[in-house]
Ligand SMILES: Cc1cc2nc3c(=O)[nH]c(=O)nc-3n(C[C@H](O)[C@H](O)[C@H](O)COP(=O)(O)OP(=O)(O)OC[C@H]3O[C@@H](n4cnc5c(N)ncnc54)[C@H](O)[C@@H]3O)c2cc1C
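For reference, the chain that follows is the form predicted on its own, supplied as structure tokens.
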């Protein structure tokens, strides 16, 4: 007899949203999380009165979150307080120029006019077309199952205007950017977001070129830190009996007769269920938890072919003074060619780059309660992307060096006196992320995403290899990120309802 209807492995946003929606629909559901914190990369930890976000730093494209709460029959605002952030970004170029993009489209037009008058018409064409595309495609692409050709065709039949924008999936991020902009500074300001999908501009799908535009619909920070998002969903689902266990590591998925029938924990305890949902990296799910002997040859070959996503070292700093920043996010950016060069000639060769490209997040600008009174927190990445296994070295040995090198860059380009005000500082290397989140090679977006690994070409939410096994989170369509992993919960739970409702 089953102990649960649904066992969900991993309390990242995909696992939590899937588990919450299962519980809402009457399934006895438990979420098992190996860490002492929920949320995965969308989480927050506290040290000496400072609260630091582990990875995710902002919420953009809020429709999937609102959809989760709508399906739960709840009001998001009763559980998660989102603070709008404006401007979206402040930019610092390598030659020291500074500018900011406000949320308002017309105000951003004025900024571009001052920097690159030749790109104003391109920006207007980009924003006009892009806003129409976002409106037409948001629900269709993000919240529709796209695990097979019939599902993709059904989505198009229901949303025929999507065909107009289909070529964007076949173009690269940089091709989209260069079609509309000529000035290298403007190009750089809308190309770095390719790394939000875990790929350089020359490899990332053109659809991600519109991340920069979607942010003009609003970006938000949840009061209490990024962990407030998963916690808010769990709180909303508590009325439906959702159970969450932390510090509970799943060692294997029990497979009998080609079906997932439960899990075996690290301590040997077995838990039985009608079906199993994995929020873990798809390669870990199939190769470690299911194990190769339980997989068909085609599935073993397919899952082995995927690359894990890039890692991202993070630095967390507590300050005893207000930093001289203008926005929640400050970006030190370079050219498109420089971004591609870092990927091809440094990251892919195992070398840590020496580059000015950095992203500094200032959470206490939106929520002062994250630090002691009068103090602030910064979360930032520098010299990124950096490899999981530095050539001829290891992260445990070079962690102190990396911290100092990152501070040098921060002092040079952003905060000249930052060392005078640091009260606390942590560094999370790719190896630390792997240890903390059990994410292979510290990959923060599950699997690598380019034009060949989107939609039906990613691991399916409903497993084709193991009956009653479902996947959710960053390894599935549309990849890593707050909105996309929340959307995966909507999609995966819809499959479960069809199969077991």
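Numbering follows the first chain given and starts at 1. Here the structure is a predicted model, which is why all the values come from computation and not from measurement.
Form predicted in complex with the ligand: not shown, discussed below.
Proximity of residue 55 to the ligand in the model of the complex falls within the 4.5 Å heavy atom cutoff.
In the model of the complex, at least one heavy atom of residue 279 sits within 4.5 Å of the ligand. Using a 4.5 angstroms limit between non-hydrogen atoms, residue 449 is distant from the ligand in the model of the complex. The ligand is not drawn, but in the model of the complex it has a heavy atom within 4.5 Å of residue 14. Figure note: of the listed segments 455-463, 63-71, 22-30, 436-444, the one touching the ligand in the model of the complex, with heavy atoms no more than 4.5 Å away, is 436-444. Of the candidates 248, 147, 144, 364, 248 is the one whose heavy atoms come within 4.5 Å of the ligand in the model of the complex; the others do not. Counting a residue when any of its non-hydrogen atoms is within 4.5 Å of the ligand in the model of the complex, the hits in 21-42 run 32, 33, 34, 35, 39, 40, 41, 42.
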